[in-house]
Each structure stands twice: as C-alpha cells, then as structure tokens.
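Quick heads-up: it's one chain on its own, the form predicted on its own, in structure tokens.
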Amino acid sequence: MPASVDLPSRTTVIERFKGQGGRIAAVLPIHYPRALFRAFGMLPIEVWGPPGVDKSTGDAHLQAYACSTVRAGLSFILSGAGEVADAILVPHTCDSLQALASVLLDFTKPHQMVLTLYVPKAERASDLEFLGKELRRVFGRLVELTGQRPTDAELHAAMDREQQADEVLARLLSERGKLGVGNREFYGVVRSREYLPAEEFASLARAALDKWAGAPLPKRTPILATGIMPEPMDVLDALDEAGLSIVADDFAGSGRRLYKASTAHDPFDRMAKTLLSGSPDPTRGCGIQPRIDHLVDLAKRTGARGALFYEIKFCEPEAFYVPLVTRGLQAAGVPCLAVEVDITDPMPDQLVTRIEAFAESLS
C-alpha cells in the first residue's frame, strides 16, 4: 500500500489562518471566485452540508423538500460551529440556495456579512458582462468589510495561484487510473481543495501524486462518478469493497470545477471568463445533449465501464437531467446506476447492496 498523505483538518487550517491575521469566508456550493477572497486576505472554507449536522435548526426555516445540503448548511451556519466565519457567501446555484440566502438576509440575520453571487446560465457576451458586474459588487462589499482595496496586480496574482492549483487538480483527476490508491484516500486529497489555501493544496497534491504513482494498481473495475459530491464518504469505502474505482470524475465539487485559464487584462473579466469555462453543468442549465456528449467522452477517455449517478435527494437541478442523460449513456454502451442519498443520514445497507450488484454486472 502507498504511504498515506497527511491531511490537515478544516479546524487546523482555520485556526492557523486566523492566527496569522487572516479572515474566513464560509462558502456554499458551487461556483465562486476563490481568488477574489484570497486577494482580501480571506480564506474560503466551503460548506457542503456538512454531513453529520443536526438539520433541525435549518428545518425550522426551510421547506421539507429542500435538499439536505442546504438544510444542513443553514443549521451549521446558525450553530456555534459557524461562528468562525467572518463572512458568508451564498451563490445562486439553485432555488434552495436562493431560499437559504433569503433566510439569512431577511430573517435569521447572522452577525457576519452575507454575500450573494448570481452566476449566469449561459456564456454569451451579456452573461460575461453581467458576471463581471456581480464580481465587482462582491468586491465592493469586501472593501466595506475589510477596509482593504486590492490592486489589479494583487487580484491577478491571486488568480495565478488558483489557476496553478486547478492545474494540479486536473492532473490528479486525469491520472487517477494510474494511481495505486483507494477511493477514500484519493478523494480526501481531492476534496482538500475545498478548504486549503491554493498554494498549500498544490503542494500537497503534487506530493500525493509522487507517492501514488509508483504504487501497485488495485484490481478494480473503472467507473465514472457524477453528482454533487461523494457524501457521506462511506460510499467510497463501499466502492472499494465492491471492487470499483472512480477514474472519471464529474462531481460538482471537483470535476466540474476544472476551469480553463483566462488571460483577460481586466481582473474581473478574467474571473468571469474562468467561472463560466467549466464543463456542462446541470446547476448552470446546460443542454441535455452537451451533457451526454461530455460524459460519454469522459467515460471513453478514461476507460470507465459504467457510470454511477450519486445524487442528493431533492436536488432538482441534478434530478431533472438524470433520466435523459442515463438513457444517452446507456445508448452509448455505458451502463448506469442512479441512487439518491441524504448526506446527513448513515449510508443505508440497501445502497451498499445496489453498488455490489452494479459491480457484479460490470465484471
């Protein structure tokens, strides 16, 4: 077995960053400008739920059909655990997150500054112009919060660091099939991008690649995995035990955020072009056929023999796509398994059984 990668916890990273005089931004999913916060000396810490949180606090303010990511996220923010944040950013990823932003702004009103960000659903010139204005609006709010005003050069320098980290993440995901490591440990490193400073993530990911590159490859069936995120992460253990290895990543938190580099002179135009350059994403209203074409191509390039749709219950942007996209993949010769989970609940035995049966069908 390869040597384990020593990952610092979110708590350790937050305490260290704040101890150095930095601020923390709690960020809800999915697309947002990491570099903008870092230019202000703020570290974005992403809040994907988190799993294991008591949803009851959030449930008092949201509809029962809001997904567990949003309900747990609101509970986390309103609990003592959310007090470490100096600001909260809620991108308008879906109607449930929009509702969460409204609850924070109009009802519960936490002491932190609450920021919103509207990411367009298309990539026309008007969409780029709109997103540039949105980013400038967030910039102005951060000036109010911090009393700082980063220069264009400082914004570009922050973007350069994030771009380098994205390049290492892309390499990590593209070389997955050649790395002798299990799903759980692999995604521990991949998901550290959610909370580590860009430069620290890049260094850690490079070290992981060096450690895993020469390790013996486990005998597992390669698959594509898609959805919002692999939570609860016990699913990764179940995949390991069933003899399945995720070699093609289309999770919203990782594979869909492999942004293309931009060289635009204006920093806000550069950030806007970067954020709109990801792969076809249901949360951004992409077309059905481009989504099918992307996943079929991803499966073919990586040698994935099947596709796992690992979806969160009541995630409408994802759910609307699953029937047609799975049909398109199956027509292209890629068998599919679609499952739904609540990230705050333990992984049910029934799901483990379905994963095992899927693995047997691919062997």
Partner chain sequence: MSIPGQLAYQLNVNVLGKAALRVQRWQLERKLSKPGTWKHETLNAPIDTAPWLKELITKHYLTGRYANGARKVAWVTSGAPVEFLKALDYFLIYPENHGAVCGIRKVGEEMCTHAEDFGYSRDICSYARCDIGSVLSGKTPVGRLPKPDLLLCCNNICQTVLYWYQVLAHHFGCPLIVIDTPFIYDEAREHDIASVKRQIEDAFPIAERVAERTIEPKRLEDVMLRSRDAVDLWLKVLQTGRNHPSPITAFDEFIHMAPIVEMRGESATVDYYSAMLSALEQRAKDGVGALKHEKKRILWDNLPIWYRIRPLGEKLAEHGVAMVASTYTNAWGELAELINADHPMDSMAKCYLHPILNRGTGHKLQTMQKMLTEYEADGVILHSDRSCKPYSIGQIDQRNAVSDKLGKPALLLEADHTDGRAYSVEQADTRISAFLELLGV
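It should be emphasised that the depicted structure is a prediction, and the values quoted were computed from it without experimental measurement. Numbering follows the first chain given and starts at 1.
Another form, the form predicted together with the partner chain, is not on view; read the next lines as being about it.
Checked against the partner chain in the predicted complex, the residues 192, 254, 96, 183 give one hit for a heavy atom within 4.5 Å, which is 96.
Between the partner chain and the residues 102, 277, 79, 151, the one pair within 4.5 Å by heavy atoms in the predicted complex involves 102. Screening 299 to 307, 41 to 49, 25 to 33, 324 to 332 for residues having heavy atoms within 4.5 Å of the partner chain in the predicted complex returns a single hit, 324 to 332. Not displayed here, the partner chain is approached by residue 340 to within 4.5 Å at the level of heavy atoms in the predicted complex. In the predicted complex, the partner chain sits within 4.5 Å of a heavy atom of residue 134. Though the partner is left out of this view, residue 167 does not reach within 4.5 Å of the partner chain in the predicted complex, counting heavy atoms only. The shortest heavy atom separation between residue 66 and the partner chain in the predicted complex is within 4.5 Å. Of the residues in 273 to 288, those that come within 4.5 Å of the partner chain in the predicted complex through at least one heavy atom are, in sequence order, 282, 283, 285, 286, 287, 288.
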